[in-house]
Ligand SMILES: NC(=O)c1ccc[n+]([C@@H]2O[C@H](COP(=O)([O-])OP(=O)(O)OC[C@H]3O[C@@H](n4cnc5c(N)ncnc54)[C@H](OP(=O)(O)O)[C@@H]3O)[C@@H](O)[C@H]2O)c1
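Just the one chain here, the form predicted alone, laid out as structure tokens.
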Amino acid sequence: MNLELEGKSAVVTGASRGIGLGIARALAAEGCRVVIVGRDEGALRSAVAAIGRGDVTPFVGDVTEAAANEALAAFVRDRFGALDVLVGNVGGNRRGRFLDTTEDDWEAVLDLNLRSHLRSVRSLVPLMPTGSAITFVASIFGREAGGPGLSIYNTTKSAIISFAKILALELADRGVRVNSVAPGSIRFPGGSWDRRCVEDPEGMAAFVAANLPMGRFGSVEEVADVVAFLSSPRAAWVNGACLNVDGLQSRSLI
């Protein structure tokens, strides 16, 4: 399927590794001109080399800060004039039972998983014409209980799914679509699931048997392909949705 993304401009935040890098690679493969955003210049340059094709430019900045998002918007305006695709992938976690978590824990993850996206939208949406698309990377644990120790993660991922829905309603008259994706457990080199598989292969085999009906972890590419579709004109009637990309891992009926 031709996703009709040739020549479109795109920004992917949190794109130096993992799912963000995979999304940038998928968009570049479809002909997008992509700006990848992250805090580590060396990691971003390695990401550009790993993508290895297309028009991919690194932008060094911490999108949890309003000033960095304003600088990103100025960079995009100077480079492209307008922005067709925004993918908010920045995120993180601090595990711990709620009574053991601190205000600093909550502030840090709220900044990563929620406020960074609010600030990016505030700065970049004025550059987005009719036909543009925004996609946020959430989690199946934004749609259902993730279990003890995940109060911060669950709360913030639920919040970004909710934000995406309301933002879709508010931007509909501008012709800008907003969706989110909810990945399940995704394994990639250097990621937390990969580390656990190396450290505890028997335990992870038991986890897969109990939680992943398709018998394996998901891949970055499987998430990236869904995001590329949602970012494209071929998904013109998909708006305000949250799509699971989880191989049946989730248990929610909605």
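Bear in mind the structure is a predicted one, so any value in this text is a computation, not a measurement. One rule holds for the numbers: they count along the sequence shown, beginning at 1.
Another form, the form predicted together with the named molecule, is not on view; read the next lines as being about it.
Picking from 201-209, 49-57, 27-35, 187-195 the stretch near the named molecule in the predicted complex, with a 4.5 Å limit on heavy atoms, gives 187-195. Each of G61, G92 and A138 is positioned with at least one heavy atom within 4.5 Å of the named molecule in the predicted complex.
Using a 4.5 angstroms threshold between heavy atoms, R39 counts as touching the named molecule in the predicted complex. At the 4.5 Å threshold, heavy atoms of A168 stay clear of the named molecule in the predicted complex, well away from it. Taking non-hydrogen atoms only, I19 approaches the named molecule to within 4.5 angstroms in the predicted complex. For the chain shown alone, L112 is a contact residue for the named molecule in the predicted complex, at least one non-hydrogen atom being within 4.5 angstroms.
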